[in-house]
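Taking the form predicted on its own, here's one chain by itself in structure tokens.
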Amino acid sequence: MRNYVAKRIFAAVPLFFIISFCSFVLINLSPTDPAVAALRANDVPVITEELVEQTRAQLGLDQPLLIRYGKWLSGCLQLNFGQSYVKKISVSSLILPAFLNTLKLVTVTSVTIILLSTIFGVFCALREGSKADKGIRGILFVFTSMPSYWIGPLMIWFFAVQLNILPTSGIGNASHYILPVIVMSFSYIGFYFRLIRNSMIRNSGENYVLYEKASGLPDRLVNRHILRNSLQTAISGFCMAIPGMLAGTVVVENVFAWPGIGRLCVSAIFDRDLPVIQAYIIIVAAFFILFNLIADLISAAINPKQREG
């Protein structure tokens, strides 16, 4: 297991550097000059060539690309993402609080998705073909097909405007999490519920299940073994859903005015605040790599054949 862990970590490190370099190059290939964007963000009335050159020198944009990339990456590894063009403060002081707010929302949503997907998946797998199975699949299919930019305002209208029982925006007590978590969970529960259900149905026909039933093991224990083997398929999906939600909170955070990283990134895009955009990309990329590594390690811990291979 140690060798497998070391191999996966050594494979993740160069991947992080490749992604960081590609994102840095693509941002710098933007047709908008970062110096001009910085001047416009500060409402400079007249932008002259001399002022642009002076700004480029102040921002270090007159240096070669590889030198700028090295300084930027070195700062990122120390959680120093530079200075915002618009706010004139460090990007870390802007993006880290917003990232923590998004992480809170994603954590609650992830727990909700895992619990409900597992419950519905096991329930429907044990009652394959029944009316309850068909009904739950139909309802979750409808929920999955609803886009968050439509279901979000609809939930606000019903629960906040008509019933007046839930807040519409902001972050505060537990009630502020309910609507954003519901909206974010809709598009994921239907997928992972089907993944667990289909995997359990497929595993129910394996030889080890027949042997366990022939040995007289109780159904509760047999179903537990089926669920454990079925979760191997869903583990990668669960782990990759977390960074996927982290990157996909843009719509929900804007609908519910949640002060998270997605909302901050949208604002930075409109303001051409490149340091904030670069920080957002590198953080999301790091989480994708991290949770991909976690998924592989958990799968290897459950299935010895994977780490042996």
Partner chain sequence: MGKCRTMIGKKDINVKKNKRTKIIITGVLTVGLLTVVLIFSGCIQQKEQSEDEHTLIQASSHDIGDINGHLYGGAQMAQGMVYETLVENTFNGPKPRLAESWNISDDGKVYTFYLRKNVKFQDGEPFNAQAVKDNIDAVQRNKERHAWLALSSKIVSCDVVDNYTVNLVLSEAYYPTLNELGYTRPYSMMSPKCFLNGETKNGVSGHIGTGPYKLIDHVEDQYATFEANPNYWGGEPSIKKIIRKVLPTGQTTLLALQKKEVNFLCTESGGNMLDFQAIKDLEKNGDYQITQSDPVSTKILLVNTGNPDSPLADKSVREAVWYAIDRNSMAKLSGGEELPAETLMSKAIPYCNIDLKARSFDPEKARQILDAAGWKLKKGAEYRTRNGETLKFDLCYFSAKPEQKTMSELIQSNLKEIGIQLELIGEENNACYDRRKTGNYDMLFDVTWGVPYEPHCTANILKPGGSYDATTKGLPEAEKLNQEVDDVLASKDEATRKKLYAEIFTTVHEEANIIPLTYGHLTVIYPKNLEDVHFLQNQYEFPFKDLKFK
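Predicted, not measured: the structure shown is a model, and the values here were computed from it. Basically, rigid core = biggest C-alpha set you can superpose within 1.5 Å across the two forms. Numbering follows the first chain given and starts at 1.
There is also a form predicted in complex with the partner chain; it is not shown, and the following applies to it.
Visitor: At the 4.5 Å heavy atom threshold, is R40 in contact with the partner chain in the predicted bound form?
Guide: Because a heavy atom of R40 falls inside 4.5 Å of the partner chain in the predicted bound form, the answer is yes.
Visitor: Is Y149 close enough to touch the partner chain in the predicted bound form, meaning at least one heavy atom pair within 4.5 Å?
Guide: Yes.
Visitor: According to a 4.5 angstroms non-hydrogen atom cut-off, is P167 in contact with the partner chain in the predicted bound form?
Guide: Contact with the partner chain, yes.
Visitor: My question is simply whether Y177 lines the interface with the partner chain in the predicted bound form - judged by any non-hydrogen atom within 4.5 Å.
Guide: Yes, Y177 lies within 4.5 Å of the partner chain in the predicted bound form.
Visitor: Counting only non-hydrogen atoms and a 4.5 Å cut-off, give the residues of 93-115 close to the partner chain in the predicted bound form.
Guide: Going through 93-115 in order - heavy atoms within 4.5 Å of the partner chain in the predicted bound form - the hits are L94, N101, K104, T107, V108, V111.
Visitor: Superposing on the rigid core, does the Cα of N28 end up 2 Å or more away between this form and the one not shown?
Guide: After core superposition, the C-alpha of N28 moves less than 2 Å between this form and the one not shown.
Visitor: Does the C-alpha of L51 move 2 Å or more between this form and the one not shown once the rigid core is lined up?
Guide: Yes.
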